[in-house]
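Take a look at this single chain in C-alpha cells; it is the form predicted alone.
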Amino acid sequence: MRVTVISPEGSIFDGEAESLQAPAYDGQVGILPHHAPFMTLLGEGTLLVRVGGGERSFAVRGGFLQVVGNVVRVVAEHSKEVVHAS
C-alpha cells in the first residue's frame, strides 16, 4: 500500500509500506494493505510504518489519517521522524 506522511513542513514519507500503526485520538489503529475506507483524528504518539523488513517511526500529534483505495494519507499538525541508534 502507498503511505504518505505530511506535516506543515512538507512530505516526510512517501512510499510503499507493509503495514502502519497510528495513534488515533481514542487508541491505536492498525492498517494493512487493502483496508476498508477509513478516516480518524490523530492523537499524540508514535506512527510506525513497516517497510521492506524495517521500520520508520514518526512522533505525531494532531491531524488525521485517511485510507482510500490502497492509499493511506497521514496529515499531522506536528510530526518528526524518530531516528533509532543502531
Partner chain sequence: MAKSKALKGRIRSVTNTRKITRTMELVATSKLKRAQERVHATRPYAEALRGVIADLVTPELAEGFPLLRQPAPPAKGGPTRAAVILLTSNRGLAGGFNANLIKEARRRMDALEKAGYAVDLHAIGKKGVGFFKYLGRTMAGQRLDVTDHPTPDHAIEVMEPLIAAYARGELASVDLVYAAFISPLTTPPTTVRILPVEPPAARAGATRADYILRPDAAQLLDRLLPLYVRNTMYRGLVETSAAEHGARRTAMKSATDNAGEILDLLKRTYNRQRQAAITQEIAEIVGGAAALQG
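Quick caveat: nothing in here was measured; it's all calculated off a predicted structure. Numbering follows the first chain given and starts at 1.
One more form of this protein should be noted, the form predicted together with its partner chain, which is absent from this view; the next part is about it.
Of the heavy atoms in Glu16, none are within 4.5 Å of its partner chain in the predicted complex. The closest non-hydrogen atom of Gly53 lies beyond 4.5 Å of its partner chain in the predicted complex.
For Leu41, a non-hydrogen atom is located within 4.5 Å of its partner chain in the predicted complex, even though that partner is not displayed. Of the heavy atoms in Leu20, none are within 4.5 Å of its partner chain in the predicted complex. Contact residues in stretch 24 to 52 (any heavy atom within 4.5 Å of its partner chain, taken in the predicted complex) are Ala24, Tyr25, Asp26, Val29, Ala36, Pro37, Phe38, Met39, Thr40, Leu41, Leu42.
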